[in-house]
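Shown next as structure tokens: one chain only, the form predicted alone.
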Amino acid sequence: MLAARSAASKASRLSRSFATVVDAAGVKVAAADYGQPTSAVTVLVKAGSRYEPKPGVANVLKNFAFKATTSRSALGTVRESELYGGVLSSNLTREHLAVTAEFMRGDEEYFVDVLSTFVTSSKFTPWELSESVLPAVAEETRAASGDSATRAIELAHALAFRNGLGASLFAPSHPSVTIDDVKAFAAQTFGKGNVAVVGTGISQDKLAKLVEKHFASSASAESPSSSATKYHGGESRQGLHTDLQTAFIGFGTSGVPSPELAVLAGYLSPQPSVKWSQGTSPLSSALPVGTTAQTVYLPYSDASLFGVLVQASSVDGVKEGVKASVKALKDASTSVNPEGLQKAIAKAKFSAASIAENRDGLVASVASKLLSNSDVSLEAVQKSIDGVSASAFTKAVASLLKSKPTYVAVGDTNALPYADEIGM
């Protein structure tokens, strides 16, 4: 009886975690309603940095969100949204631009209109570019350049993929982006076929009707071009005055993401399940005191980047942490004990499920699948992870290690180790 109830409860959780997908006015729509008191709607556009024709254009376009449109000014949007108590935000990934509105249930008509007008009727005025957009872009670039972890991941993408996915999320310090560049990129990407809408706390029927109403005037557009991703790898070092010395050691793959890499992230992660305790992963006991490590698994539509980001206040701490990471990866390529694999699979499944329960995570996890008509259900993700066997796991890790590593050191480059000094 209890087992049956547990199974039914589990099935119920899984069935409500991901949205179904419908087509409304040529726009893909997915909604999941858990009965929460607030709602959120995100418009996804296939306008990530991998598609930008000039460095920084995607970041500039992101910062044009909620500026002047044919129906309201930027100030009007701010005032009206505050009267409703809503929150507006925009985010850029390497594959998508996302603009989001969070609001109380019942206010969806207004906020879907706000989101749609950004796509269908933005003015892209030159004075907004110079007075508010470019200063915001410059501040984002400045903040990113001073964060060693962000710089390491950005450099890792450039080494791993060069073009396309290697393009930075941030504009250059002195971008040469003009208003005509922004308008051209928006015209290329803001069209049916490149846009999807994801909602939480709102019914599928209601969201589909609103999308059909407000996106009806949206023009059709061809998918932005981007060459198939190839993995390259390499080594880079950047000096930075920081309290944390940082190194990233990783590898990349081409093609669709594999569940084995998701399991590998759980297998190596030193993050303990109990606060203030030490985890039992191969990295947990090998890290020196004061050294932190986190697994980085970034799946994209046609490639993945996997690695370990190591940080410490001392160069020696980073060196030992990176060596421990390399050893753990090599060990995982030859054998894995059943208990370790079971724990890794459970961690990967929990991570996928917890991401789906979070609004931002849900949008990120379904973005590529939604626009490519792939299965967006959590059941499909869980099933693929459950199907990872010991032999498939070790084979995937061994294949990963055969490629050229991507190694980045940020901080005291006079003392931080080189790739050939860490066992690679």
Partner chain sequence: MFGPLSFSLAPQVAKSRSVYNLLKPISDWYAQASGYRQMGLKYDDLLLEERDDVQKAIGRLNERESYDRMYRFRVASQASVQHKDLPKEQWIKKEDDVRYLKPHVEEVWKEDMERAKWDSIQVQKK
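These numbers come from a predicted model, not from an experiment. Positions refer to the first chain, counted from 1.
There is another form of the same protein, the form predicted in complex with its partner chain; it is not shown, and what comes next is about it.
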{"query": "All of Arg79, Leu83 and Trp127 within 4.5 Å of its partner chain in the predicted bound form, heavy atom check", "finding": "yes"}
{"query": "Stretch in contact in the predicted bound form with its partner chain, which is absent here, among 71-79, 226-234, 278-286, 319-327 (heavy atoms within 4.5 Å)", "finding": "71-79"}
{"query": "Listed residue that, although its partner chain is not shown, lies within 4.5 Å of it in the predicted bound form (heavy atoms), from Asp205, Asp331, Asp180, Glu131", "finding": "Glu131"}
